[in-house]
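As a starting point, one isolated chain is supplied in structure tokens, in the form predicted on its own.
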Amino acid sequence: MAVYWLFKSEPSVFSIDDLAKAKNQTTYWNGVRNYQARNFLRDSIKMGDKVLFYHSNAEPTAVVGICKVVREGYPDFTALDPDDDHYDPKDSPEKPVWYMVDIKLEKKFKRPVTLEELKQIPALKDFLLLKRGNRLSVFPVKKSEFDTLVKLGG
């Protein structure tokens, strides 16, 4: 049974269009440096889970498509690279701190579903993205929320 997630990315760093251009429309989702989000990547996200791709820190901020998890959590090798923006000197191959998953693009929405639009939908009143203080870049989504967003996105 699929579980649903939302992954945030700044389009200036990595956008859904970048994913569409990637080999096999697949990439690793790296650089997550929050322990709660890391735990989701390491322990909870499974093969076949569905992911809403969200453009954050953009004009407009919006849910822009759907992906599928094609590889479960494994150590984030970018944490070991001193030349990478996501380097963490506390990380080691023997005791990895940070994890990532691989995702594959399933569908780019016909139209972005903006944050402002989401705030107007009663069915999304409990959506974690809309909760004050939610700064997580990876978090679970209810099936009903996922279905609502897919319908809105076309």
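Heads up: residue numbers just count along the shown sequence, starting at 1. If you're wondering where the values come from, they're calculated on a predicted model, not measured in any experiment.
Just so you know, the form predicted together with the DNA exists too; it's not on screen, but the next bit is about it.
Partner contacts here mean any heavy atom within 4.5 Å of the DNA in the model of the complex, and among 104-112, 29-37, 45-53, 63-71 they occur only in 29-37. The closest non-hydrogen atom of residue 135 lies within 4.5 Å of the DNA in the model of the complex. Residue contact check for residue 57: one or more of its heavy atoms lie within 4.5 Å of the DNA in the model of the complex. Using a 4.5 Å cutoff between non-hydrogen atoms, residue 125 does not count as a contact of the DNA in the model of the complex. With a 4.5 Å cutoff on heavy atoms, residue 90 counts as touching the DNA in the model of the complex.
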